[in-house]
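Take a look at this single chain, the form predicted on its own, given in structure tokens.
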């Protein structure tokens, strides 16, 4: 009789960075290359940007619906950034983790602090730093999605955001996106092998002893 398959509980992988440092790009590359990784799609009250798709990039909702979700504890975390509200829906994340599937999302440092309280044993956090402030500003300007005033506002806030790097499990410097994606994939591999996540390990070992 062969040993049983090792069951595993999934975990929530969160990437944070100042705006423009690359967390969303890295997140999308990870999901595209890993069928066992689900994307956590946040809700937001801000309007869609050009090219954004409902249900893929965000769920775009109004402030009334956001407040309802908050009151009904349907959000694992929430934050207000540049006057817009963002939040991580609880249901899809908890269902995926219970089924042994990992979930990845990009959340700011405020949201990560809340997740550390709401799902402390299921959270793995990564902070993404830019190689320099000049590179960060160039990336923000190249996106052509925001006005010069908004870019300046994001740059002014970046120093505060980057000051929270010590609160994260891992820190990477995004000099090259392919290298950064490879680094986060290595984190995924290591975290999937943690003993505490392999909930069926005891049964597996018992099966080996019987053989």
Ligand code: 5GP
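Positions refer to the first chain, counted from 1. Just so you know, these numbers come straight off a predicted model, no measurement behind them.
As for the form predicted in complex with guanosine-5'-monophosphate (5GP), it is not shown, yet the points below apply to it.
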property	result
Contact residue in the predicted complex, chosen from 164, 185, 154, 28 - any heavy atom within 4.5 Å of guanosine-5'-monophosphate (5GP)	154
Single option in 126, 104, 93, 107 placed near guanosine-5'-monophosphate (5GP) in the predicted complex, where near means a heavy atom within 4.5 Å	107
4.5 Å heavy atom contact, residue 87 and guanosine-5'-monophosphate (5GP) in the predicted complex	yes
Distance check, residue 58 to guanosine-5'-monophosphate (5GP) in the predicted complex, heavy atom within 4.5 Å	yes
guanosine-5'-monophosphate (5GP) contact in the predicted complex: residue 49, any heavy atom under 4.5 Å	yes
Contact test in the predicted complex: residue 79 vs guanosine-5'-monophosphate (5GP), heavy atoms, 4.5 Å	yes
Stretch in contact in the predicted complex with guanosine-5'-monophosphate (5GP), which is absent here, among 93-101, 131-139, 71-79, 118-126 (heavy atoms within 4.5 Å)	71-79
guanosine-5'-monophosphate (5GP) in the predicted complex - contacting residues of 14-44, heavy atom within 4.5 Å	17, 19, 23, 42
